[in-house]
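One chain comes next, on its own, written out as C-alpha cells in the form predicted alone.
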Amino acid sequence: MIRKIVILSAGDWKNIRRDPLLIFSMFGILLLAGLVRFGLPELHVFLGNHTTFNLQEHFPLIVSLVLLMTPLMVGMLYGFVLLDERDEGMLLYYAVTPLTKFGYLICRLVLPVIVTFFLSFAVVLFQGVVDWNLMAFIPIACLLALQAPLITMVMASLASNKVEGLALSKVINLSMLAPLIDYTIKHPIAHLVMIFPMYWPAHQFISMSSGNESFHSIFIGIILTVIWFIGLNRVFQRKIG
C-alpha cells in the first residue's frame, strides 16, 4: 500500500505543478501564519493606541481559524485532483487494476491526512502569538488532519466536475466560520454550528490556550467526522457506481 501511495503522490505532484493556483494554496497557509506572527502584534498595538479594543484576547480564535485553513486547502487540493481523475475516467482504470476503487480511494484520503498533520504543526510553530504545548496539540493536529479527507469527500461526492467543484469550494469555505459564529454570537441558536466537524478542532485549540486540559471536544469532533464521512462515502459510492 505504501508503494502505491508513493506512486500516486508522484502523479499528484505532476498535476499540482501544472496549476500555479494549487501550488499557492499549499504555501499560502504558511504565508498566512507569517502574517499572523508579524502582523497581529502590530495591529494589536495600533488598535490599543486608538481604541479600547483588546485584540490580544482574540488571538487564539484568529490562530484557530488559520489552523482550519490547513485541512481546508489540502482537502480541496486533493478534491480537485480526484475530480480531475474522475473526469478523465481514471476511476474505471483503477477499478480493473490490483489497486481497485477502494484502494484508490484509501490512497487519496490517506495523503491529505498526512500532509495536514505535519502542515498543522508548521503553522502552530510559525504563528508565535499563542502559547501551546506539544502534548495538548497532538490530538488537535490529529482532528485537523481528519478534516482534510472529509473536505475531499465533500467535493468528490457533491461536485460532478471541476467547475462545480470550484463553486462548491466557496460554500465549503463558509464552514470555517462555524467557530467564529459560536464565539461572537451568544444566542443558543449559534450552537447549531457544532454539527460541523470543522468547529471542534478550533474549539479545542481555544480551550487549550485558556488552560482547559479537557479533551471532550476531540472525542465529539472525531464522532461527528466519522458520521459525516460515512454519509458522504455512501453518496460517493453511488456516484461512481
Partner chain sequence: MRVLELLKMDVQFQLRHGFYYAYALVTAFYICLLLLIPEAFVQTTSVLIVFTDPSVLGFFFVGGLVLLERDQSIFSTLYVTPLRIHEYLISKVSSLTFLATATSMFLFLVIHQASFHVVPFLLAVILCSTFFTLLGVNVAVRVQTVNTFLYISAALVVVFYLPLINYFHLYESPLFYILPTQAILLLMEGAFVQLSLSTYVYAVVVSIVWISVVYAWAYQSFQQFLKEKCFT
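Keep in mind that this is a model prediction, so the values were computed, not measured. Positions refer to the first chain, counted from 1.
Same protein, other form: the form predicted together with the partner chain, not shown, and the subject of what follows.
For the three residues Phe80, Leu174 and Ile181, a heavy atom within 4.5 Å of the partner chain turns up in the predicted complex in every case.
Proximity to the partner chain in the predicted complex, taken as a non-hydrogen atom within 4.5 angstroms, holds for one residue of Ile114, Ala167, Ile138, Ala122, which is Ala167.
When you look in the predicted complex, the only residue of Met73, Ala145, Leu150, Leu105 with a non-hydrogen atom within 4.5 Å of the partner chain is Met73. Annotated contact segment (heavy atom within 4.5 Å of the partner chain in the predicted complex): 181 to 189, selected among 59 to 67, 32 to 40, 181 to 189, 211 to 219.
Though the partner is left out of this view, Lys101 does not reach within 4.5 Å of the partner chain in the predicted complex, counting heavy atoms only. Under a 4.5 angstroms non-hydrogen atom cutoff, the partner chain in the predicted complex lacks Asp131 among its neighbouring residues. Shown alone here, Asn161 lies within 4.5 Å of the partner chain in the predicted complex, counting heavy atoms only.
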